[in-house]
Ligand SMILES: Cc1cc2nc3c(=O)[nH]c(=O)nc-3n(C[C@H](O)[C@H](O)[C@H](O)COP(=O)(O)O)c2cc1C
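Starting off, we have a lone chain in the form predicted alone, written out as structure tokens.
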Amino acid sequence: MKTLVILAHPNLEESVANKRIAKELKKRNNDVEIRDIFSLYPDYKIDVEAEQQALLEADTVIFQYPFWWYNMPAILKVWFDEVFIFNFAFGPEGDKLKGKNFLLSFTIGGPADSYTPLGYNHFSVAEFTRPMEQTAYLAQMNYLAPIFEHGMVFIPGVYNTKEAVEERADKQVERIVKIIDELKNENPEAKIKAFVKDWFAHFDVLADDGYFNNHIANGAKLRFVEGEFIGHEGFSEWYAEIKKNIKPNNEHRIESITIAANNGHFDVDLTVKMKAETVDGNPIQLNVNENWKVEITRDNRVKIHEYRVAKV
């Protein structure tokens, strides 16, 4: 399994965190190709064919960059505009990236508490990355939860020490390497467990329904506490009502999970505890049993064909 890192830093030699992350990733894994796109294209003239070929040869694509002005450096935006084009990444014939893993890895200068409603950045990091999440869904890629660390800027005598930033960068490298290793060695049960964890993490923040529908089969049978629904339209209808009534940042805790192979698909049985708060400020606590019928598709995605929820 080959991993491609699109490295986007306009001044990498002056960087502490991104430079160290790129260096350590290459040292730790021979199957990692790092494309320093600013070094390759200092004039911003992207070789689209070369970049698309690199993507085609990869199984996992990691985007490594500093989080600047709540977004990405300009070179990476240009790269997306020119490389993720019609009938390559999307459109009637745009399935060239289908099933590939899509992972954001970025460094944030500010502290974690600044990305809260009462912090000076007001919004969560997840909210700022929504456009990239949707980019992955449109390209039919497997969007993985982003990896990032806070406090990744070193200003001599003003903010942080170089050693502290390097230590955080090493921590980020460890997280990236762990993901790469898990993707390489993944068995069906491990893949489904990771997916279930990610599914509920997206529910906790009330993510866009695009993430969920990307993993729901056409015509899937969905039975929630509120009633029965069918497929993408049914899920979106149910989910819209949930988002009207419940605040984000709730909690789903998986108490138990069992997975059994069954004639080409997998039966997944869960017990889950949910804590949430209504928009009116009333607490909600639910204990539920969930039964899923899923498959792992040829492009290595988990697809849900049946989803049943019952209160305990």
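Residues carry their position along the shown sequence, with the first being 1. Source: prediction; values computed, not measured.
This next part talks about the form predicted together with the ligand, which is not shown.
Can Y44 be called a contact residue for the ligand in the predicted complex at 4.5 Å between heavy atoms? Contact check for Y44: no, nothing within 4.5 Å of the ligand in the predicted complex.
Distance check, G119 to the ligand in the predicted complex, heavy atom within 4.5 Å: Output for G119 is no: heavy atoms all beyond 4.5 Å of the ligand.
Taking the ligand as it sits in the predicted complex, is A190 in contact with it (heavy atom to heavy atom, 4.5 Å or less)? A190: no contact with the ligand in the predicted complex.
When the contact criterion is heavy atoms within 4.5 Å, does I108 count as touching the ligand in the predicted complex? Yes.
Which residue among F229, Y143, F84, Y115 has a heavy atom within 4.5 angstroms of the ligand in the predicted complex? It is Y115.
If the cut-off is 4.5 angstroms on heavy atoms, which of these, V153, V78, V177, A217, is the one near the ligand in the predicted complex? Selected option: V153.
Counting only heavy atoms and a 4.5 Å cutoff, which of 267-275, 240-248, 254-262, 59-67 contacts the ligand in the predicted complex? Going through the listed ranges, the match is 59-67.
For a quick check, can you give me the residues of 250-270 that have a heavy atom within 4.5 Å of the ligand in the predicted complex? Residues within 4.5 Å: none in this stretch.
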